[in-house]
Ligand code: NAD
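Only one chain is shown below, in structure tokens, and it's the form predicted on its own.
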């Protein structure tokens, strides 16, 4: 492994987490002229990153040393906090950490306060759009930051998609969790509705086409059904267990704020059962196939 690289233009970015989303996002940064040093515990991921023109590091500390920005694309808040702890001594004063993971909003605010004491700024910037839009650099990026910090990170984030400031630190993660709770609930009711139509004798593709010109349409019917469910590929690239995690974050936040969660709780219960029944690592679009089997029992 090689050490940190020197910037050839925009600055040096450390990218931690080179998985299904992180790898194409890091490629977008490289194509935009940023120097990117990356780390992932997977040898395969680090090699793919190197093949794309990035500079792999042996560990997280080595990746962040000397970086102007540190991007985290990790599974959850616990892993984010672990990585920050491991790399903390290597973070230079004035660096901006951008957590693009789907983390817990209140944990994000706490971590931001802790890092601020050491001269490190934390911005949360989770994404929506899946692997396809990560590859195309067209992700929706929900940013939690001060107006000043948002202006500073915009050029970096624009290489990966369309950043929108949701509010101060933690707001991005709150918006992402709420979005995914709504998306999952849309998909679940779509799966149940389409299955009912199939059992009545309706052609599923025709039904989806009709719905997409009617008031029942959603991202699930407009994108997930045509691309991943009707062709029975179930390969959107977003795992069911990660979606369920986001749903629980949103419901927990709502409860903390005294917001009703009756439908959220019911949706989470069904998704949790699907997660238990389906194989580990199942794509979230597998919920449609799971609903078919549940109805058939």
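Numbering follows the first chain given and starts at 1. Remember, predicted model here, so these are calculated numbers, not experimental data.
Another form, the form predicted in complex with nicotinamide-adenine-dinucleotide (NAD), is not on view; read the next lines as being about it.
Chemist: Of the listed stretches (48-56, 62-70, 260-268, 236-244), which one has a non-hydrogen atom within 4.5 Å of nicotinamide-adenine-dinucleotide (NAD) in the predicted complex?
Modeler: Looking at the other structure, the answer is 236-244.
Chemist: Which of 202, 189, 79, 90 has a heavy atom within 4.5 Å of nicotinamide-adenine-dinucleotide (NAD) in the predicted complex?
Modeler: Here the answer is residue option 79.
Chemist: Check each of 194, 112, 141, 83 and return the one that places a heavy atom within 4.5 angstroms of nicotinamide-adenine-dinucleotide (NAD) in the predicted complex.
Modeler: Only one listed residue qualifies here, and that residue is 83.
Chemist: Thinking of 105, 165 and 250 as one candidate spot, does nicotinamide-adenine-dinucleotide (NAD) come within 4.5 Å of a heavy atom in every one of them in the predicted complex?
Modeler: Answer is no for this spot.
Chemist: Give a yes or no for residue 228: in the predicted complex, does one of its heavy atoms lie within 4.5 Å of a heavy atom belonging to nicotinamide-adenine-dinucleotide (NAD)?
Modeler: Contact with nicotinamide-adenine-dinucleotide (NAD), no.
Chemist: Would you please decide whether residue 207 lies within 4.5 angstroms of nicotinamide-adenine-dinucleotide (NAD) in the predicted complex, comparing each non-hydrogen atom pair?
Modeler: Judged by the heavy-atom cut-off of 4.5 Å, residue 207 is well away from nicotinamide-adenine-dinucleotide (NAD) in the predicted complex.
Chemist: Applying a 4.5 Å heavy atom distance criterion, does residue 19 contact nicotinamide-adenine-dinucleotide (NAD) in the predicted complex?
Modeler: Yes.
Chemist: Answer for residue 127 alone: is it within 4.5 Å of nicotinamide-adenine-dinucleotide (NAD) in the predicted complex, judged on heavy atom distances?
Modeler: It does: once nicotinamide-adenine-dinucleotide (NAD) is placed as it appears in the predicted complex, residue 127 has a heavy atom within 4.5 Å of it.
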